[in-house]
Ligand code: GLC
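Given next, in structure tokens, is a single chain: the form predicted on its own.
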Amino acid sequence: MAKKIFIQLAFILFLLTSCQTKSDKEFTVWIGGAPQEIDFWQKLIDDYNRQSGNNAILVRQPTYTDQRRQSLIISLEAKQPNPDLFLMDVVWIDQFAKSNWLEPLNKYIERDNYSTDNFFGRVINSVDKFEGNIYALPVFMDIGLLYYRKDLLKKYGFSAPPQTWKQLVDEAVLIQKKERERNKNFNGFVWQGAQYEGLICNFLEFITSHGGSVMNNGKIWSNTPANVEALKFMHDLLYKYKISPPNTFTEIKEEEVRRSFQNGNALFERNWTYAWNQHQSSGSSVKGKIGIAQLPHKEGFGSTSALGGWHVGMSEYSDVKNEAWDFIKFITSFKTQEKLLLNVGWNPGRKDVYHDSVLLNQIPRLKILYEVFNHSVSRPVIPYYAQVSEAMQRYVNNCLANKISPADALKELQKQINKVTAIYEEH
């Protein structure tokens, strides 16, 4: 019922915006998020309008990601001239581009001699570019990180965070046993295992750091020996090593993980970049006691982290594309990216911001973040990703719930993926 009401409200919204008559140089920018983020975006847009003489109008989208996506799809499917610009989650871009909803940016980039070398090439090539065309540019980058208790590692004789999964397990088992003598709620390693999209990001990190992958020649291929080994390791964290809480697969998402670590109940935490400021806030039990590092890997392989974040795209149906492109240049400029970092904590899409000496002195963790972004891995870039993700969530979570073995889970998952792929390819 709630979903139906939302769709109706979104439809009314697009009718209202599409019925507006635009004046010269007027265009709309659709952005969602937390209230403080929206407030700062409004300040940025006000600054832009004063500088440019254009008239960018902020249209606030819902806070929740799925609702933001749905409201965009309603307008884009209807080929409305609004929105002109919008932010997209990394996993939407492929679908939007292949639906012909996005304006290719190449001609604007070439016309203005706009350098894309300032962005992470790995990200542009894996997320924003299709068949030689660039359809979006990064505004905010997010990545999976290992948070760790520096004080506890030092207390028990460890000089650095673990580099391999074996090291993490060995350290977590030892320290968890000792710390539970005074805190029975203490866990060695907390991560996202509930049945939702965050589980897929974790799954992707585990399998790629074990030498696995979910893509093979443009197809989804989950049932491989390396992937089975990685899923077994995830299962072992709960049942063999017992360093992750028993409710990992029932309810543990980002905030549950953050609160556990922040309350002093965990040694290691896998979470996104937002958790840093929360952990260092007033009242946090771990303030001043933590560090961040790349996620561990199996010996012989490399560390990888799931890529998240928001990218800006231009509607194919915009009737003020030159003005819209001008705003894209504005929000992806060094100066604006710096402001977003300092005021709302958004990690820049540009590489050069991470190398700025003033910012590095002020925010030392930028150096680590830069290295992690260079080892990022994106979720499958396919137009039917939503269906594949749903199947992955179900079977991986069932394995973590001890309902099915790792080998059987990925075998059955592959069957479901093959069905989804066949249906898509028929159309």
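If you're wondering where the values come from, they're calculated on a predicted model, not measured in any experiment. So that there is no doubt, residue numbering starts at 1 and follows the sequence shown.
As for the form predicted in complex with the named molecule, it is not shown, yet the points below apply to it.
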- Hey, in the predicted complex, does Q42 get a heavy atom within 4.5 angstroms of the named molecule? no
- Query: Can any non-hydrogen atom of Y354 be found within 4.5 angstroms of the named molecule in the predicted complex?
  - Reply: no
- Classify W272 as contacting or not contacting the named molecule in the predicted complex by the rule of any non-hydrogen atom within 4.5 angstroms, answering yes or no. yes
- Message: If we define contact as a non-hydrogen atom of the residue within 4.5 angstroms of the partner, is P81 a contact of the named molecule in the predicted complex?
- Response: no
- Query: 305 to 313, 332 to 340, 224 to 232, 173 to 181: which one contacts the named molecule in the predicted complex at 4.5 Å, heavy atom to heavy atom?
  - Reply: 305 to 313
- None of E323, D94, E197, E103 but one has a heavy atom within 4.5 Å of the named molecule in the predicted complex; the exception is E197
- Task: Check each of Q362, T65, Q36, N402 and return the one that places a heavy atom within 4.5 angstroms of the named molecule in the predicted complex.
- Result: T65
- Using a 4.5 Å cut-off on heavy atoms, which residues of 323 to 356 contact the named molecule in the predicted complex? none
